[in-house]
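Next up is one chain by itself, shown in structure tokens, the form predicted alone.
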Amino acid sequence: MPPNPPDGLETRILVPAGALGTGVSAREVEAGLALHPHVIALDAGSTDSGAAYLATGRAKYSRQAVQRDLEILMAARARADIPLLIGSCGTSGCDAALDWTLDIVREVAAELNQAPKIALLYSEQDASLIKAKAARGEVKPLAPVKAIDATTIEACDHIVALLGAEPYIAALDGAADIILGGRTTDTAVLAAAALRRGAGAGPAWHGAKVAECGGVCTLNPTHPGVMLAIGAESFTIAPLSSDNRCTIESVSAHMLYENSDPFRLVEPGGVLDVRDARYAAVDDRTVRVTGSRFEAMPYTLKLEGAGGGPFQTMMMVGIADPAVLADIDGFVARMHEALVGRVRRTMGVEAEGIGISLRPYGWNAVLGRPVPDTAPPQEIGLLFVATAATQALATEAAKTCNPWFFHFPAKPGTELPSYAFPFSPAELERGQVFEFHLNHVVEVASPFELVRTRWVDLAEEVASHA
């Protein structure tokens, strides 16, 4: 157990995992409850896997995985009689994703014979509101995107604002048993309870940053849970599993995670500054951190917006031909030129706007940079992607390229080979491509300006149906 900070009052936050749906350990949660936490809190969202989840409102993780985690956490919350806080519900935190999570909470509550009081914090934004703010100069771009315009906003199917800690604090003040948040900064959902109980802003935000991904700040991230204890001048953190450890290196390194500056982190209403932070091992599993500061700034919220774009069809082959592998870059360049030319000649005006890309996995498909002099690989997987305005056009382009993609010779004038294709039919329709359009910050008059709070009291619902 993280020992009490020397500065007195502490808030203990049980962080069971880095994200809801990734797998909560029932054993670790039980160990955490024995440490008498004040709240259970965790994140549930991310932009890590691209724009599709915000553009469509669909969750990244399966319903069954989220339900299983909620069964463990809601049972633990009820036994300990403490609040459960979940931020960025359903991956993107848009309204549909939040309502999807509420449906699962309702189902689990019925199974466990519970009737919690639930606060829902909606953070999806109407495009007309963002347009009005942009017209007043209240929306600013974050690098590397450009200044916002009406066309950019209209291209978004969903727009969310990343909430800070204040809406969660208000929901706790309202005696919520469970708080389901829309899109929220990863740290805010963890810092909220500590800030509400008078913890120092520096330790609260820094501790939340370290604990945001659960066990990632430990030596063994496969053990997902940690206990965070935040006081007025310091915080301590330790893993929930007795087989795991936090070290000075694993804790301090987390400021590098998803952050361009290892010493400063921008949050709604201020900047966390850890340049003077000091890390000390309390024991072989626990680290204490002092010296973190939080500098207040005008309140802004980050905006994320995403929408649908063109469509894609893919094909794939495996190639082990030594002649190809001896000159992969040249082979791919020659094939690409041939495929583009074939699409133009065959499809005519329909070829306008169709993109053809080739990605040789096992060579430079990941980095996209020239490979230094090295021995050729034993084989590569060559991925073909056709991008077009409609699915039909993308598939037509793929079918047009099919014979040359599967039989393109290593050198002009040589016999036609046959490369290994893993699927039949060879064309795989990937569907629509989704794109981020907004990566901006918006000025707000208060932390509550862009949040809508809705209360659902399951006890009242049960009573009204009795």
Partner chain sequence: MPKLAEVCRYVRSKNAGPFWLTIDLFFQDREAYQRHRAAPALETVAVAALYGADPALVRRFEVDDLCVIKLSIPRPTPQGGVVERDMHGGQQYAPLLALELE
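Residue numbers count along the first chain shown, from 1. Heads up, when I say rigid core I mean the largest set of C-alphas that superpose within 1.5 Å between the two forms. On a predicted model such as this, the values are computed, not experimentally measured, just so you know.
Just so you know, the form predicted in complex with the partner chain exists too; it's not on screen, but the next bit is about it.
Using a 4.5 Å heavy atom cutoff, none of Gln114, Asp157 and Val456 lies near the partner chain in the model of the complex. Looking at 70 to 78, 221 to 229, 305 to 313, 95 to 103, the stretch with residues near the partner chain in the model of the complex, meaning non-hydrogen atoms within 4.5 angstroms, turns out to be 305 to 313. Note on contacts: among Glu249, Asp149, Glu337, Glu107, the single residue with a heavy atom within 4.5 Å of the partner chain in the model of the complex is Glu249.
Between the options Gly348, Gly137, Pro298, Gly368, the residue in contact with the partner chain in the model of the complex by a heavy atom within 4.5 angstroms is Gly368.
Contact check for Arg278: a heavy atom falls within 4.5 Å of the partner chain in the model of the complex.
For the chain shown alone, Asn259 is a contact residue for the partner chain in the model of the complex, at least one non-hydrogen atom being within 4.5 angstroms. Contact check for Ser357: a non-hydrogen atom falls within 4.5 Å of the partner chain in the model of the complex. Although the partner is absent here, Ala375 sits far enough away that none of its heavy atoms falls within 4.5 Å of the partner chain in the model of the complex. Applying a 4.5 Å heavy atom cutoff to the partner chain in the model of the complex picks out Thr47, Asp48, Ser49, Gly50 from 36 to 71, in order along the sequence. Here Glu111 does not count as shifted, since its C-alpha moves by less than 2 Å between the shown form and the other one after the core is aligned. Superposition of the core reveals a Cα shift of 2 Å or more for Pro372 between the shown form and the other one. A movement of the C-alpha atom of Asp329 reaching 2 angstroms or beyond is seen between the shown form and the other one when the two forms are aligned on their rigid core.
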